[in-house]
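Presented below, as structure tokens, is a lone chain in the form predicted alone.
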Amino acid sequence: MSTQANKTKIDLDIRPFSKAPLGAEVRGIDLSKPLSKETQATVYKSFLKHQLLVFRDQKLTKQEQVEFSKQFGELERHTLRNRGQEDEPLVHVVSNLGPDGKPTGKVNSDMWHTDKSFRPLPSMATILHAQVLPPNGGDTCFANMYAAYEALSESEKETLDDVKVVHSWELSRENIGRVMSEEEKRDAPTNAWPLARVHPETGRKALFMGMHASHIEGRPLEEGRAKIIALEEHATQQKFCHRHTWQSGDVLMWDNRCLLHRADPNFDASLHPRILHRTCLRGTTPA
């Protein structure tokens, strides 16, 4: 099929996951080619509806992933230590490899979080493309923050009105035992956002927290931390979660405004490499 034909007519097959609280598989599309406006609109509508889209059998270069991502928003830069390589700085190479190119035994991002929630304009979407996978395991888990919020009692929802949480990249690095440099701190200052945020496009409320959430603004630190931890335990119950088992060529696109996610280190990370390419799209000020 020619590029022009691909831009004008694509027969999309969107299949929601029948036994999951989120997600859909999108078939009949080649992400390496520009999408027509109609196809872009269909994909984005499905993204808002299902929160997570899975595109199978893709083979994107870094630049092609950047071009695909840009069709849905403005690319977000990565933190200093996560910036991409010189060939494409907007693509973060997610891996368990050390400087010597060998597996380290460590899997990053294995705590529940939403990407870049500490930014002045927290991430709208993340696009993650599998490059090298372990023979099994290395799944990515997702939790539906719409469903978690809606399952709270009415009285509990009322207590969250006007509550703001301080999101801190510094704290989240401390959670994994790393002390940030002063340059990193200047690059990623803290911001406070509603704990129950309103999605800017759907109008639905969702819990907004994760490992970057430090404490509740205006409350004693320990009290606020305890509240955040309790809500995360509620929000990540199995009934709100979906586990993605990666296949070669998978591209995932998910909504950071209403999902938490984490990598599952359920494979021998000292033996098998796990490499993915990540781009993020900038969002808006949470309200």
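When you see a residue number, it is the position in the sequence shown, counting from 1. Keep in mind that this is a model prediction, so the values were computed, not measured.
One more form of this protein should be noted, the form predicted together with a small molecule, which is absent from this view; the next part is about it.
Student: Please identify, from 197 to 205, 67 to 75, 158 to 166, 137 to 145, the stretch that has a heavy atom within 4.5 Å of the small molecule in the model of the complex.
Tutor: Of the stretches listed, the one contacting the partner is 137 to 145.
Student: Taking heavy atoms and a 4.5 Å cut-off, does residue 261 contact the small molecule in the model of the complex?
Tutor: So residue 261 counts as contacting the small molecule.
Student: Do residue 119 and the small molecule share at least one heavy atom pair within 4.5 Å in the model of the complex?
Tutor: Heavy-atom contact with the small molecule at 4.5 Å: absent for residue 119.
Student: Does any part of residue 24 reach within 4.5 Å of the small molecule in the model of the complex? Heavy atoms only, please.
Tutor: Residue 24: no contact with the small molecule in the model of the complex.
Student: Give a yes/no on whether residue 109 approaches the small molecule to within 4.5 Å in the model of the complex, heavy atoms considered.
Tutor: Contact with the small molecule, yes.
Student: At 4.5 Å by heavy atoms, is each residue in 94, 274 and 278 next to the small molecule in the model of the complex?
Tutor: Yes, the whole trio is in contact, each within 4.5 Å by some heavy atom.
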